[in-house]
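Only one chain is given next, in structure tokens, and it is the form predicted on its own.
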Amino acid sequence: MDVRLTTEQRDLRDAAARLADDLGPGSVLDLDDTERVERLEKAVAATGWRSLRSDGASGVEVALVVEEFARGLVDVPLLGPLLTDDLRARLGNEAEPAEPVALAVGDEAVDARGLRGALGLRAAGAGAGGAGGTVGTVGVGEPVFGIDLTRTTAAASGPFEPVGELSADDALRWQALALTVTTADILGAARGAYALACEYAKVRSQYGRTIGSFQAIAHLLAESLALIEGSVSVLRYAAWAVDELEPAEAVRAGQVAKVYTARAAQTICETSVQVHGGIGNTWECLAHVFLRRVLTSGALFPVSLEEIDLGLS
């Protein structure tokens, strides 16, 4: 595995970062700015981010885009359409409609804002017993309450209508991709929370000095950075494994990355709240928005320590 990014991958990451910085919410109030959301939706739809896999993007490239979008709290559908795009590509069914659809996970449709249909995989033991699965569609009903303020979920409505079958290997590959992109989303949100804390530490003064100069604050931020670097390493490996390792090994790499990154990210977000002091516990501070996104992505395709038996803690 070559951990270096190619020129094309760096350009892709930078383009995603620019879009997130330009049109992502800069405050909690911006989350209710419908004009901004409409411009963001048009930009995401026009650039084809949701069809990266069918356009030939690798797992690494998809993870880079997802990570930057989460860092900037991009609040239009991405994960759901991305994963359904990969499902369609694996089915090889050109008759499927081209418009983006949500992802059906259990009884919910994920990333469902403005979308009418959902595509999901009902796998019999995929990831454990090695069985394949049935891909089917369901309708998208009314929005349901979720803690993530940057994504919309809705109730899946109507019957599950099968549209195709996946082999055991394809089902595992898709599971590995799902683990990787949700881990990338977690890491991106953690990086955003860390950057928010660093910027605050540079400008908040106490006793005539910025709080970032105090050792207690500096140590907290240094520990967060160390957790981010560790998460980058396990995520990059998992993203590479999606296309390069055997399906079961790719799933395992995704599981390890998910467990480590989810735990690290929660610590990073809580540290960001702590660095902000009293204001970190207010609605107006973006720290809780990052934490909500981390918790939600951690609950999508969840992984427990028992599943990876490596003794991580």
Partner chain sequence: MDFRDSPEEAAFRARLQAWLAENAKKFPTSGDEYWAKAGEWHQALHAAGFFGSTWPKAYGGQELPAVYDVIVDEELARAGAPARPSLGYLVIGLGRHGSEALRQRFLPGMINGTERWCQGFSEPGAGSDLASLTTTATLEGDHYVLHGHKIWTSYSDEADWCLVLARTDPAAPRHKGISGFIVSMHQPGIEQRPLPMMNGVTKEFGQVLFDGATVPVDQMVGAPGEGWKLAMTVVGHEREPSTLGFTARYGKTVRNLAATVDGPPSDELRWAAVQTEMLRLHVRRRLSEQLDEVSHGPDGSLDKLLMTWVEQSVGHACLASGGTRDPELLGTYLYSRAQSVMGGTSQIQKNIIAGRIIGLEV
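As the structure is a prediction and not an experimental result, all values here were calculated from the model. Residue numbers count along the first chain shown, from 1.
This protein has a second form, the form predicted together with the partner chain, left out of what is shown; the following refers to that one.
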When the contact criterion is heavy atoms within 4.5 Å, does Ala287 count as touching the partner chain in the predicted bound form? no
Does Ser213 reach the partner chain in the predicted bound form, with heavy atoms at most 4.5 Å apart? yes
At 4.5 Å between heavy atoms, is Gln206 in contact with the partner chain in the predicted bound form? no
My question is simply whether Gly230 lines the interface with the partner chain in the predicted bound form - judged by any non-hydrogen atom within 4.5 Å. yes
Any idea which of 82-90, 214-222, 177-185, 146-154 reaches within 4.5 Å of the partner chain in the predicted bound form, heavy atoms considered? 214-222
From Ala201, Leu78, Leu115, Val105: within 4.5 Å of the partner chain in the predicted bound form by heavy atoms is Ala201
